[in-house]
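Read the single chain below, which is given as structure tokens and is the form predicted alone.
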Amino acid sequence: MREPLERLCRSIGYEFGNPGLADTALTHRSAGSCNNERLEFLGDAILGFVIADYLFVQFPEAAEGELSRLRAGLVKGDSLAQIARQLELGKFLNLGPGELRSGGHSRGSILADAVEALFAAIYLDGGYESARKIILALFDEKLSGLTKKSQQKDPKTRLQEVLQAKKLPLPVYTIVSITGEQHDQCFTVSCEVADLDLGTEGRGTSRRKAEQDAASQFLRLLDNV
């Protein structure tokens, strides 16, 4: 096993019987045809089940919608990228020349995909219980102190529900500008509602995040109307 991979294994507390699986999990598609895309697919499903099972047991009174929001908040890309950065996973990735030049080692989507692929590699190497143990250990901080209210509805959903309750039209989101390099973009999005003389602008590293920011600001405006 190559030394960098040994360091990663020590940090997650797992030793691969088949190191090739770990190498594949850490190989981005830009580096060749033998990459982590299939493992990412499997890892996403394994992670979703492990977290769903944990939440089902921990919150026996929670409704399906509450459980779904809790799970979505835990397994989203930002959450996985955060775990990857804590593991310094970027140092171990195998990227093609283009991704190396554009800073792929620190890109959230690449890091999140690698984490999911790594979970699949552990599952294939050591079985479900091994994967479950590692997943719960890495998510321990996020799971500790979790309550049913930990993941409220996102701002866009809340704004839509507020407007529907007031029998007002749904909000319209429009991209105002996109700035920065392709791997480090900043989106500015406006949020407007017909029949209301109100408007906000939100910013984020993706269109979705900018829309959520704009919706959050719009909700604050409505509170003051």
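Heads up, when I say rigid core I mean the largest set of C-alphas that superpose within 1.5 Å between the two forms. The first residue of the sequence shown is number 1, and the count goes up from there. Computed from a predicted structure; not experimentally measured.
Unshown form predicted in complex with another copy of the chain; subsequent notes refer to it.
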Checking L196, V176, L163, A31 against another copy of the chain in the predicted complex, the residue with a non-hydrogen atom inside 4.5 angstroms turns out to be A31
Using a 4.5 Å heavy atom cut-off, state whether R71 contacts another copy of the chain in the predicted complex.
-> yes
R203: touches another copy of the chain in the predicted complex, heavy atom cutoff 4.5 angstroms = yes
Verify the contact flag for V172: yes if a non-hydrogen atom of it lies within 4.5 Å of a non-hydrogen atom of another copy of the chain in the predicted complex, no if not.
-> no
Heavy atom to heavy atom, is L168 within 4.5 Å of another copy of the chain in the predicted complex?
-> no
Members of 92 to 126 lying within 4.5 angstroms of another copy of the chain, judged by heavy atom, in the predicted complex | P97, Y123, L124
Tell me, please, whether between this form and the one not shown the C-alpha of P19 is shifted by 2 Å or more, with the rigid core used for superposition.
-> no
Please say whether the CA atoms of G65 and G204 come closer or move farther apart in the predicted complex, knowing the change relative to this form is 3 Å or more.
-> closer
Closer or farther: C-alpha pair R69/D213 in the predicted complex, relative to this form, given a change of 3 Å or more | closer
